[in-house]
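In the structure tokens that follow, the same protein chain appears in two forms, which are kept apart as structure 1 and structure 2.
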Structure 1
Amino acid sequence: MISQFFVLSQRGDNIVFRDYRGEVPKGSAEIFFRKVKFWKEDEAEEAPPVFNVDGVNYIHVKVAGLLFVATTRVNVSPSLVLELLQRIARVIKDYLGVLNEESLRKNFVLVYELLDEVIDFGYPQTTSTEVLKSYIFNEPIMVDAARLPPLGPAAMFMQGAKRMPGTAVTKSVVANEPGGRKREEIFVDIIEKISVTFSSSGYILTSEIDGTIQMKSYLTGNPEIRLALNEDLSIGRNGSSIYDYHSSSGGGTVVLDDCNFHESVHLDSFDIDRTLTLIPPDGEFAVMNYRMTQEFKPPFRINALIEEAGPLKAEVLLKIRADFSPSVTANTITVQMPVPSYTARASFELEAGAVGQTTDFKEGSKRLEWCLKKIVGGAEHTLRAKLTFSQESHGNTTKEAGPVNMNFTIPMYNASRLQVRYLQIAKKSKTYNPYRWVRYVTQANSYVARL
């Protein structure tokens, strides 16, 4: 049971504030913001999502640079409140198309309208965009999406693949297009976050994929949809194939450790032909989340080396190789490497003809940072750096540097090889042929190579 709900900007201004039960004093938003901003407990610098000040529990999530906060005095389920906050953010996004401070400020009356229906007296009522439609009367005021910095995982499609309509993902589920009629379309995004740790000798120590199949439907009349996945997909670690790593690299079966599904998904035929049947509700939602620890081919190989070159000098060599097809291009790649704390200066040497690459030595955190705009599959890139130390090293520079951490996004690539074989929409008429977009993307969650 929630007492208050509010949304704060990064500077701590109230954008929306709704008091449902009147049990928590009005100044709670200020107390919360001061606590989060100057968090200094338990040696940690960042406030946890849930904390208690004077008997009031503050529960918050960060979405699009905004703080969505709920307060309560009751010993509630933290998951329930956090899920609810996240869902409120999503519903608002469904309505406004874009979720950010500006759109929220412009539409705060609509947001109040939503909040009245989503929560009553602190108890969640409904978070279904579909159901809410019948209760909401304000028209969203659109903000210009084009000049906004892209946010969220869906935004990455705007830069990479040209055939995607970039504005679609920022379209409100209720507003009509300027032209008049709504465009019939449906988006299915397979988003994978991968975590890999390489040992100093290049072996994979741990690897995991956390994936989600996200859907956003703009179809009228709620037609039924069939989503077919790999026929040989197997779930659970009880299959014996799980330890048979060799067969997996050559187009073998995809083995998921576990997965879960959205409420609307019917699994009647899932066991037989790996097909999900659902009537997609309006708005964005995760059809399925899955987790995989089966070994997969990591998209990048990292080679890092640090060698002493004289009493106060060392040389760093960083090499990355893209182990995927040349038809795929990774973008916004960042490689970071912590260097010994007594490093005073660093000079860089990029490979000949390097385009769209920048380097930096972060003095404060003592890291080398190497950014690449894009890497085409199969390509290899190298960076050399010369370090100057302020004191003599003790012959163990390797121990005091690293690990190398990499961030990237690869559109139209998925490491797990989980696929949507087809997306079938129940036809209403012969002419009914909505646009279907099936998109894949892989992101680094934690991609680390030790020295």
Structure 2
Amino acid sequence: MISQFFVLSQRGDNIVFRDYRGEVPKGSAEIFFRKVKFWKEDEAEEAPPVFNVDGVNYIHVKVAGLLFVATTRVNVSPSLVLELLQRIARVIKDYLGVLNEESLRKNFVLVYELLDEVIDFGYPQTTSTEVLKSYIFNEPIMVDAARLPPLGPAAMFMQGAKRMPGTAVTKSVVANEPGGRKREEIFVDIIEKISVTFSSSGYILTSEIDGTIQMKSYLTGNPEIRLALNEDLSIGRNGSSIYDYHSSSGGGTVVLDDCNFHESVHLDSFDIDRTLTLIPPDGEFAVMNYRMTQEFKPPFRINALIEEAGPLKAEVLLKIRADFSPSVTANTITVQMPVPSYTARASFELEAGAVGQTTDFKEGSKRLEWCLKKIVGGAEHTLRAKLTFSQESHGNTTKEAGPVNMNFTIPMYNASRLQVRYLQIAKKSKTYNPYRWVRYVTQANSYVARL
């Protein structure tokens, strides 16, 4: 199916390379990196995940700053290969604990051993961490996570110098702690990606939540887990789902449009008390994926206004308000707004006392960019920008500007109100009391405000 698989660093260095079928020239990695680095087709800033060069299909994903790439000359399903690349990255991360350039270089023997079991002559065999443990014999060389810059979800739970203890993203599922001991821990993350579109007057036009209950277990003996969700959880908007359930308490019901579960989950008691029973496999996996289009309160309100200030000038006003509790803080907020193609310059005016905010005018792509390090719930921030045009707008400024797009991460907050009531571990010993971590994260999938 695939001819080659390789992993490139951000500089284009070839860290891992496997040629399964010998159909593609050896210089494919260099051809791919040059194409991605200097992509100029279709007026896009970045190369798409799938493209063709000289009869060779290049399919890639970017994970933790690394490029995972597959090449093929045949007409394969792009989504299948993209999923395979994501799963390979996840399996490698399960075994190494930390997925970055240093960990790959230190464990290249283990990585090649994994690839030989995952793919045979270009065809996928298995991507299950649990199944692979029977065939993998090399031990991982652990990278000191304490001196690494925070990557991915690990950065979400850092508050100043404090960290969430025993962060799952930096631990291997096959390696023990120093001294041969294994710390008994289980992590459950509820990660929601929200998509909201606002009208020019601030009303919500569309809203949707794509959520995942992610689990990573470090429990010895694979004990049975019981995960209880909201009692007033309802699945199926018309109430006729096979999982339909009506709360006796009334009001405040969490309504999901649809969902699916991992193969290890048993739904015997789900209809009765909304409890999932499972024996968690090794590695990180999605217990449940769900989608919700029921109206919910968006975490941010965006107001955008652009007015002409003369034949060659215009002023932009951007205002964002955090509509969540002051005890919650949003991190790494980025606001982007396309401006007319004839915009020559832009100057910015931040509010008085602004800290941790940066602004920029991306001249190549003609867009304004406003970055905020954090926003505390209830806070409101404003940005003014003055645009200078190279030609008269003739009253088309509003039509050619926008929409405003916003990206953010909010730890310990979820828009759907889906909650874990309890996490129960079935083990007979009374002294057995492992650490349980339940965390919530909301991210922007598509957060747009029209002008």
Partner chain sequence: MAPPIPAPKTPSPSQPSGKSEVTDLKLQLRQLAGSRAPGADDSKRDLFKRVISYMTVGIDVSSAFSEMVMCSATSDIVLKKMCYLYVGNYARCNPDLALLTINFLQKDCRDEDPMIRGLALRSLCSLRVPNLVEYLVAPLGAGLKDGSPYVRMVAALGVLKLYHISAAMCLDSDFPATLKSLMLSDPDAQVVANCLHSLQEIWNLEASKSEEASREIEALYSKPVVFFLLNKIKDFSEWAQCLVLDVVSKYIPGDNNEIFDIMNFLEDRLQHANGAVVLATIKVFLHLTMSMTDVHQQVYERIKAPLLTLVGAGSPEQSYAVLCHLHLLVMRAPMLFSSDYKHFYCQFSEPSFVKKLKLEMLTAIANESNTYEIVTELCEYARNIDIPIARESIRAVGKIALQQYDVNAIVDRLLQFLEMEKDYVTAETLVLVKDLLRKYPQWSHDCIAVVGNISSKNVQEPKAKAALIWMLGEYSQDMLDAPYILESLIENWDDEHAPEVRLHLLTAAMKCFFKRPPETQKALGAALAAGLADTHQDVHDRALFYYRLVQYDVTVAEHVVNPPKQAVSVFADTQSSEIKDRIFDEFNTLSVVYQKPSYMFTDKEHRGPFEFSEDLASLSVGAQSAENVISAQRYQENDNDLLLSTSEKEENGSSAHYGSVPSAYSAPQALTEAALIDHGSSAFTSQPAFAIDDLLGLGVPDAPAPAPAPPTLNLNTKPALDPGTFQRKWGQLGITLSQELSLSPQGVVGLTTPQSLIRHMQGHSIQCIASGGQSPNYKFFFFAQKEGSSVFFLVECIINTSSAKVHLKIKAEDGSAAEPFSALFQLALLKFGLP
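Counting starts at 1 and follows the sequence of structure 1. Remember, predicted model here, so these are calculated numbers, not experimental data. Basically, rigid core = biggest C-alpha set you can superpose within 1.5 Å across the two forms.
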For this pair of chain forms, which number matches the form predicted in complex with its partner chain? 1
Tell me whether residue 77 is among the residues that move between the two structures (Cα shift of 2 angstroms or more, core superposed). yes
Is the shift of residue 386 between the two structures large enough to count as movement, that is, does its C-alpha move by 2 Å or more after the core is superposed? no
Is the shift of residue 418 between the two structures large enough to count as movement, that is, does its C-alpha move by 2 Å or more after the core is superposed? no
Once you lay the two forms on top of each other by their rigid core, how far has the C-alpha of residue 126 moved between the two structures, in Å? 4.0
Rigid-core-superposed Cα shift at residue 11 between the two structures, Å: 6.8
